[in-house]
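Just one chain is shown here, as structure tokens, and it is the form predicted alone.
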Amino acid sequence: MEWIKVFAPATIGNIGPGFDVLGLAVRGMGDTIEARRIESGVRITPIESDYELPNDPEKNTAGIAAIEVLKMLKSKGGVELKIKKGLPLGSGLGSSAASAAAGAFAANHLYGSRLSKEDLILPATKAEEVVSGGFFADNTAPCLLGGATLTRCCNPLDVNRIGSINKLKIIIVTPDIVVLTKEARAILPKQVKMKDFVFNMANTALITAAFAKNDYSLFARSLNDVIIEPVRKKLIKGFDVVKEAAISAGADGMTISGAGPTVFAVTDDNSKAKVIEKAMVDAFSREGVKCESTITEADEEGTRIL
């Protein structure tokens, strides 16, 4: 059978205070998978990546997701996958989720697209759980559905797409640091103060309303996290300096993307975005940290056929 090509976008998990609950797909970055039907099983060809990744389909998130989808479809057929990693590992941009989403989507498409994108969140999240150490859909859900999503519950899985914000400009800066999700979760506090819980919950609720109403002004004043950011920022050299630089340059907020080390700032002004980007990159440079940066927007389509 002929090959198909699937693209799965990068994602920002948590979106600040919405730990394990909120997620957002972003344009321009992501993983690409070519796939075709084979007689049986799941096979992964040599992976195009700057990182060493397993070809064993039971250890690769794309392969695991494809296996799960074939089980759901009760299909006796198989899938061959060619993976091109466009996202760095341990970056906080949903790298493992993107591969999982693309693998699940590809397998489903090859066998008649009998499952909806919503149905594919479960197999993709099961796949990501293998490498992340936890079952949470704040990356897999927006990656598949596009826009911003909210996970109400993981067992049973209950996810809703809450919308997008047209004016939102996102400045993404990825320092040359690796932060693995398992490690970033291990340092989280076991208990939090009630006032901090209420503060984060209120901001999470307002972010949800902002995406539902396509309202940048609501979003701009709610990107505040007093529970997770203070702990995880210690894994990102220069975080406080970079955040101060971003705000001074006109950003309406800056925080960590997912588990980090990627950070993102927001604005609704294109010209201001470039100034903010330069300020953040320069701040990391002064701290002796190399980084890559981009200015992007929300990806409203999610995982798709190219």
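What you are looking at is a predicted structure, and each value in this text was computed from that prediction instead of being measured. In case it trips you up, residue 1 is the first one in the sequence shown, and so on.
FYI, the form predicted together with a further copy of the same chain isn't displayed, but the following is about it.
Trainee: Would you please decide whether I227 lies within 4.5 angstroms of a further copy of the same chain in the predicted bound form, comparing each non-hydrogen atom pair?
Mentor: Within the cut-off, so yes.
Trainee: Please determine whether L150 contacts a further copy of the same chain in the predicted bound form, using a 4.5 Å cut-off between heavy atoms.
Mentor: Within the cut-off, so yes.
Trainee: Does the 4.5 Å heavy atom contact test between D20 and a further copy of the same chain in the predicted bound form come out positive?
Mentor: So D20 counts as contacting a further copy of the same chain.
Trainee: Would A186 count as a contact of a further copy of the same chain in the predicted bound form, using a 4.5 angstroms cut-off between non-hydrogen atoms?
Mentor: Contact check for A186: no, nothing within 4.5 Å of a further copy of the same chain in the predicted bound form.
Trainee: Name the single residue among K167, R114, K84, K213 that comes within 4.5 Å of a further copy of the same chain in the predicted bound form, judging by heavy atoms.
Mentor: Comparing distances to a further copy of the same chain in the predicted bound form, the residue within 4.5 Å is K213.
Trainee: I177, I162, V131, M72: which sits within 4.5 Å of a further copy of the same chain in the predicted bound form by any heavy atom?
Mentor: Checking each option against a further copy of the same chain in the predicted bound form, the one that comes within 4.5 Å is I162.
Trainee: Heavy atoms within 4.5 Å of a further copy of the same chain in the predicted bound form: which stretch in 104-112, 139-147, 86-94, 204-212 meets that?
Mentor: Selected range: 204-212.
Trainee: What residues in 279-297 sit within 4.5 Å of a further copy of the same chain in the predicted bound form, counting heavy atoms only?
Mentor: Result: empty, none.
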